[in-house]
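Presented as structure tokens, the chain that follows is alone, the form predicted alone.
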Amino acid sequence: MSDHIKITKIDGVLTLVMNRPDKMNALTNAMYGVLADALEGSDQDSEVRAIVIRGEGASFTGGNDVGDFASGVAGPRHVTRFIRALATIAKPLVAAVQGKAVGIGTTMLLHCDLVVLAEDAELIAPFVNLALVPEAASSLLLPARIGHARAFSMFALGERVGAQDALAWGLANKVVANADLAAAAEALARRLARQPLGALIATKRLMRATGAITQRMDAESEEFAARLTSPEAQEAFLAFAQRRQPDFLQFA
């Protein structure tokens, strides 16, 4: 269990809150484990009819905790379980996003059924900046959603997408004032919880090509693991720790 994930279950809505605001809710292996357990367990929990994921503080999440991620913590890497759960979860998932949503903070939204953004939300997918490749099947899902050119600029250049552009591009359902974000997401989840659950689950299953998504996840994971140990990635992590710009020109 991680103290940095808060879990509540009220009126059929399971709410998962990333609660590490002093670190922009950067996700550690332990946090991924708690989130994966919650998502995996939700399909067997008859009391859960909809799920909300959100973050405390000024940001949704800063993505992976780079120090934790680069150190190669002992034991299973729960991020893989979390990503797989996002792809296969049967019940509807609602995201409430404020401030920065970095890396997995953006790619997980492609698996959410409804997305509410605060006015200050910024979606950022700087995988190439860290000498890595996209994950969570985002190399498949993001171009399909917003087109190759926009997706490539997000991945390859780390270009940020503000809330209004994200809404216009089909990455979100609505944009609300920051003060209204949590309430707006919970209201949508409660509406979903009152719907016929069997029909919701069947509709979600019909709308998602889960086989293609998990197949792309496997391919991304293999490439991601290879990139993670590359000299380019080691330079990126070292530069991050030293608070300097990385020098990728030294590599052929």
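Source: prediction; values computed, not measured. Note that residue numbering begins at 1 and tracks the sequence as displayed.
Beyond the structure shown, there is the form predicted in complex with coenzyme A (COA), which is absent from this document and is the topic of what follows.
Checklist entry - Would Asp65 sit within 4.5 Å of coenzyme A (COA) in the predicted complex, counting heavy atoms only? => result So Asp65 counts as contacting coenzyme A (COA).
Checklist entry - Can you check whether Phe127 is within 4.5 Å of coenzyme A (COA) in the predicted complex, heavy atom basis? => result It does: once coenzyme A (COA) is placed as it appears in the predicted complex, Phe127 has a heavy atom within 4.5 Å of it.
Checklist entry - Would Lys9 count as a contact of coenzyme A (COA) in the predicted complex, using a 4.5 angstroms cut-off between non-hydrogen atoms? => result Output for Lys9 is no: heavy atoms all beyond 4.5 Å of coenzyme A (COA).
Item to check | Partner proximity in the predicted complex: Leu16 to coenzyme A (COA), non-hydrogen atom cutoff 4.5 Å | outcome: No, Leu16 stays farther than 4.5 Å from coenzyme A (COA) in the predicted complex.
Next on the checklist: To verify the annotation, which of these, Val102, Leu114, Leu141, Val79, has a non-hydrogen atom within 4.5 Å of coenzyme A (COA) in the predicted complex?
Outcome noted: Checking each option against coenzyme A (COA) in the predicted complex, the one that comes within 4.5 Å is Val102.
Checklist entry - Heavy atoms within 4.5 Å of coenzyme A (COA) in the predicted complex: which stretch among 161 to 169, 174 to 182, 127 to 135, 146 to 154? => result Going through the listed ranges, the match is 127 to 135.
Item to check | Those residues of 162 to 192 which, in the predicted complex, come within 4.5 Å of coenzyme A (COA) by heavy atom | outcome: If the 4.5 Å heavy-atom criterion is applied to coenzyme A (COA) in the predicted complex, 162 to 192 yields nothing.
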